[in-house]
Ligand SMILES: C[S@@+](CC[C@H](N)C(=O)[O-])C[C@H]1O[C@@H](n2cnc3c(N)ncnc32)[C@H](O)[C@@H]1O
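One chain follows as structure tokens, the form predicted on its own.
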Amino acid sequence: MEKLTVPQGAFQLARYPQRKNDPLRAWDAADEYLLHHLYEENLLDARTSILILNDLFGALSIALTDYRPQLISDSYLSHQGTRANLIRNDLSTGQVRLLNSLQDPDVTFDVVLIKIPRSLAFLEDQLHRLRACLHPATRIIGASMVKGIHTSTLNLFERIFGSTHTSLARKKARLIFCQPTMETEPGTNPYPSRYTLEDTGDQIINHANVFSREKLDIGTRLLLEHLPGTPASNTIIDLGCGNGVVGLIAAARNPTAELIFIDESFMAVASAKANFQTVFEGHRKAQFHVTDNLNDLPTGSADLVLINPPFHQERGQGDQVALHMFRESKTVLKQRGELWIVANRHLGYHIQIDRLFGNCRTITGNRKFVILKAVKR
């Protein structure tokens, strides 16, 4: 575990879930730059109200606990990581108020700190939502590594808030400064958005931070073309559900099954729930969980687990998230239960799945994607 040392103090921080020999830190140079800037410019005092967005594992929130900030994140893992890091530094979890991305604060803030997310659509939605939390003197400061700030990023700030400029780069990080002009007319927030599922004609609702929110992605389409339908499937889990399309089609092909939708994104689960309720109009049973994989489900309780696994956590890439999904899937599956995944062919997941389950069959594939099936024995 590494120590973040900034003018506000020294803090032991770890990513969440904490993994042995994790090469990635729980903060980046943009966090450091932002905290140094706040100190050097003397921007905070005892009365300053602070809102923080997208603080991945609580580095900003923990360094600024004296101001009792509010933190908005779309990530369950970020919430859990922030709580764990508060406890790790002997700080009360009550010193940071955690909100999810669909909860809007009911007060205005003097300072708003934004870690720039990967998704431009998610940033756009957040900036629209923020307008109700501002007063004319609110300072808005964004922070990211240089590679995460583009002309389109700055254009969003300009269009929704007003005059925007950037800092010089420091350790490959940069800050964005924006002073809101309340007379600026940003237009209507375009999220959630919708598209029509060609095979069924259903309107699919997508909140801004949902993967493939504009159309069905190629990998998911391949999985849907080969999705199993068996009378024996009583409990089906759509793990990493996104907007829930995979679970929707699985429900249609397994009319007696109970569906469980799971994702660590609050917006994903909200989208899946809205889509399921719209399609089945309350006539089908389903559960919806914002959580870390399958921790809350009983061992040996599922017949089928369906996954289109991610290979990144925010800006970090790797296979740890997917491998964790596979291990927990094996635990929650019944004997003879099945794991089905669709993934980029080059990731080579068949090796890990075969090692874990003792079997792995390739159902189909194309040049880019492959569908794999494993049976719990």
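On a predicted model such as this, the values are computed, not experimentally measured, just so you know. Residue numbers here begin at 1 and follow the sequence given.
The protein also exists as the form predicted in complex with the ligand; that form is not presented, and the subsequent description refers to it.
A.B. asks: Given that the partner is absent here, does S265 sit within 4.5 Å of the ligand in the predicted complex, heavy atoms only?
C.D. replies: Yes - in the predicted complex, heavy atoms of S265 and the ligand come within 4.5 Å of each other.
A.B. asks: Does the 4.5 Å heavy atom contact test between T220 and the ligand in the predicted complex come out positive?
C.D. replies: It does: once the ligand is placed as it appears in the predicted complex, T220 has a heavy atom within 4.5 Å of it.
A.B. asks: Does any heavy atom of I204 come within 4.5 Å of a heavy atom of the ligand in the predicted complex?
C.D. replies: I204: no, not in contact with the ligand in the predicted complex.
A.B. asks: So, in the predicted complex, is F211 in contact with the ligand at a 4.5 angstroms heavy atom limit?
C.D. replies: Heavy-atom contact with the ligand at 4.5 Å: present for F211.
A.B. asks: Just to confirm the contact call: exactly one of 302-310, 106-114, 125-133, 182-190 touches the ligand in the predicted complex at a 4.5 Å heavy atom cutoff, so which is it?
C.D. replies: Going through the listed ranges, the match is 302-310.
A.B. asks: If you check T93, S163, T291, T200 against the ligand in the predicted complex, which one has a heavy atom within 4.5 Å?
C.D. replies: So the residue touching the ligand in the predicted complex, by this definition, is T291.
A.B. asks: Here the chain is shown alone; which of L102, L77, A121, I176 has a heavy atom within 4.5 Å of the ligand in the predicted complex?
C.D. replies: For this set of options, the contacting one is L77.
A.B. asks: For the three residues A26, D31 and I141, which mark the spot I'm curious about, does each lie within 4.5 Å of the ligand in the predicted complex through at least one heavy atom?
C.D. replies: No: none of A26, D31 and I141 comes within 4.5 Å of the ligand in the predicted complex.
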